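Below, in structure tokens: the form predicted alone, a single chain.
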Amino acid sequence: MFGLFKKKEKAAPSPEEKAASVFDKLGGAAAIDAAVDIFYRKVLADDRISHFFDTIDMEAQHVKQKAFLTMAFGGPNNYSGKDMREAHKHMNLTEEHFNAVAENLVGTLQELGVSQEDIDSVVTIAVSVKDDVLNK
């Protein structure tokens, strides 16, 4: 969909593909932009977590999230926001909240036709910050 996300073939990856960042594999900045836009539509429709965004400037949130995901997925680092622990410490997030966000992220990537291998890479990155997000 959108022609932004690169589909993976079943052939063995080349050395260049193995070295490519998740950011590059997903399709770069345009793909991250599309994913963040769809992701937040899903999040705002999800009763488990939408209330966390009631007082948030969503335009600014989109910009921050795009910069964060670009950096987290191995693209250019233009993120200047708080680290995950600091950004979420006041929110009293639970495992259910984290899982809801993860489900919406996976659903977004599936909707965009991202390969399961690349979705797994994204989930690995998300899980790597779970303790910080949940302030554990």
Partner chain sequence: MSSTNNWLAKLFAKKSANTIRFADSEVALQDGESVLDGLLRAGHSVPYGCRGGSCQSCMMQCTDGDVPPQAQQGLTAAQQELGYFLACSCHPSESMSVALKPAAEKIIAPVIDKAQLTANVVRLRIKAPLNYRAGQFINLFRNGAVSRSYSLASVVGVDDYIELHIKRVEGGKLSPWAYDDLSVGDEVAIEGPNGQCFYTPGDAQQPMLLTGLGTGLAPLYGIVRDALVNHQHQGPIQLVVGSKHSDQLYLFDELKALSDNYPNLSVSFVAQQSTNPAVTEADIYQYCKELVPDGKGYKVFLCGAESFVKKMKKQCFLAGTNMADIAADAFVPSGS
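Here the structure is a predicted model, which means the values were calculated and not measured. In this text, rigid core is short for the largest set of C-alphas that superpose within 1.5 Å between two forms. Positions refer to the first chain, counted from 1.
Below, we refer to the form predicted in complex with its partner chain, which is not included among the displayed structures.
Though the partner is left out of this view, Asn92 does not reach within 4.5 Å of its partner chain in the predicted bound form, counting heavy atoms only. The shortest heavy atom separation between Asp33 and its partner chain in the predicted bound form is within 4.5 Å.
When its partner chain is considered in the predicted bound form, Pro76 lines it closely, a heavy atom lying within 4.5 Å.
Its partner chain is not drawn, but in the predicted bound form it has a heavy atom within 4.5 Å of Arg41.
Candidate site formed by Ala29, Met58 and Ala67: every one of these residues places a non-hydrogen atom within 4.5 angstroms of its partner chain in the predicted bound form. Residue in contact with its partner chain in the predicted bound form (any heavy atom within 4.5 Å), chosen from Ala87, Val63, Ala102, Ala72: Val63.
Superposition of the core reveals a Cα shift of 2 Å or more for Leu69 between this form and the one not shown.
Cα-Cα spacing of Thr55 to Ser80 is enlarged in the predicted bound form versus the present form (difference of at least 3 Å). Expansion of the Ile56-Tyr79 CA spacing by 3 Å or more is recorded in the predicted bound form, set against this form.
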